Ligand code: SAH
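Take a look at this single chain, the form predicted on its own, given in structure tokens.
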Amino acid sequence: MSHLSRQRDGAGKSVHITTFGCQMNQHDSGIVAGLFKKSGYLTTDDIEDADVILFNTCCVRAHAEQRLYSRVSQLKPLKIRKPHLIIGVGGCVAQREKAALTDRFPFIDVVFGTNAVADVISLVERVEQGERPIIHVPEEGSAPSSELAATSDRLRIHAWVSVMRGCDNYCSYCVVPYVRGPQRSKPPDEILGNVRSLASKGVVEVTLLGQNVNSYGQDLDGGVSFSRLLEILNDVSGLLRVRFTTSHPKDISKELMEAMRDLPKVCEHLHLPVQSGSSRILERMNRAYTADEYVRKVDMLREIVPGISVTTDIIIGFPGESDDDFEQTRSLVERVQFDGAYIFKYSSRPGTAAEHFEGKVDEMIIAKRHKALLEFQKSISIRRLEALAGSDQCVLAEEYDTTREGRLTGRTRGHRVASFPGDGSQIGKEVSVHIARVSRWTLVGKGAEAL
């Protein structure tokens, strides 16, 4: 079916998309929204009014998966009332579960995997023509352009840009290599074209996405490293900022640290998941570094890039984690002084090596450790935030502050939220903000000057 006929078919119809999980899923949902818009659909926040309801799913943790099943089960009465409603489940759960989803929920019309994002319109058309259920979970697939996300109804000054898909690390707790496949880096020319096009449409900040961005290019011929990719994108006209996530400690190099220091558009923020402060647990996790190696890399990073903001991920209650292992994690947190941390309770995932590990930790012990580390990290985060009072920060104005009249909000180069006096003419521009105080997790500025 031609693009024009798809536009006619979609005219007057609406799609509702619910996203679970990581930034890569948010990126893929933006692309799906863009594809539907090109086909004549409107996006709607009202699930009751939608003609197509899609879930982009995550199975990294059990909680997200259970939320999905709860949300889908609630749609059965709506499907009975609206028999022409199309319900689809995509993403990581779809890739893993396949036909088991339609066996469990017979009213699901289409299941599409992580490599089928570009096919979503044709799949919906096949359902409209009477074919159902459709299970489409290819092991490989073309990676749609990140530029498509800029055609959605939620265009802003920021865009996610996927530079690679999949992962080769096989951490013992993680399902990503199984549901997203091996690492596939996009050619640098394709990424450059995406970013140039986004910049021409008013995007001034991009976040480069990958399961392990600092291994970018290792699977490509041509020798373009991630540091070299940053150099290429630093020259894009109209672009003000480049961010990236997520980084693996074993692959972060001095070259990348120096690129963060030397390239003016690359922001001074690094999300570097440590997962545990116990080298014994890190070995069981198959993380390929020790706690001491991690600390040395952060020390080097802060020496090369003074003032950089460092955030992390930590898993509590991994199989075999003793009181001493937990204390080593707490000691590492105290030693490193992270600006922020996502602290998760361990979630056993089917198909991973850790699923069969002995030494499961009692849930009550996990909850106690989790609460203690959350409170400890919170005190560190607040102290590091309050240390910025009295400083001048470069802030990208993003939107109106909905809680403070006459003010805008944006983020510093270190990825901290700031509120400051301003008007709509400053949105999309960088301003210098003098930080007067801290209110909860927000830097409050008393003035803003153009840069």
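Quantities reported herein were computed from a predicted structural model and do not represent experimental measurements. The first residue of the sequence shown is number 1, and the count goes up from there.
Keep in mind that the form predicted in complex with S-adenosyl-L-homocysteine (SAH) is missing from the display, and what follows is about it.
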For S-adenosyl-L-homocysteine (SAH) in the model of the complex, the stretch among 87 to 95, 220 to 228, 168 to 176, 296 to 304 with residues bearing a heavy atom within 4.5 Å is 168 to 176
Quick check on this chain: which one of Q377, N194, Q275, N115 has a heavy atom within 4.5 Å of S-adenosyl-L-homocysteine (SAH) in the model of the complex?
Q275
From the list E128, E268, D313, D262, which entry has a heavy atom within 4.5 Å of S-adenosyl-L-homocysteine (SAH) in the model of the complex?
D313
Touches S-adenosyl-L-homocysteine (SAH) in the model of the complex: V60 (any heavy atom, 4.5 Å)
yes
With heavy atoms only and a cut-off of 4.5 Å, decide whether T246 touches S-adenosyl-L-homocysteine (SAH) in the model of the complex.
yes
Does the 4.5 Å heavy atom contact test between K345 and S-adenosyl-L-homocysteine (SAH) in the model of the complex come out positive?
yes
So, Q211 and S-adenosyl-L-homocysteine (SAH): in the model of the complex, are they within 4.5 Å at any heavy atom pair?
yes
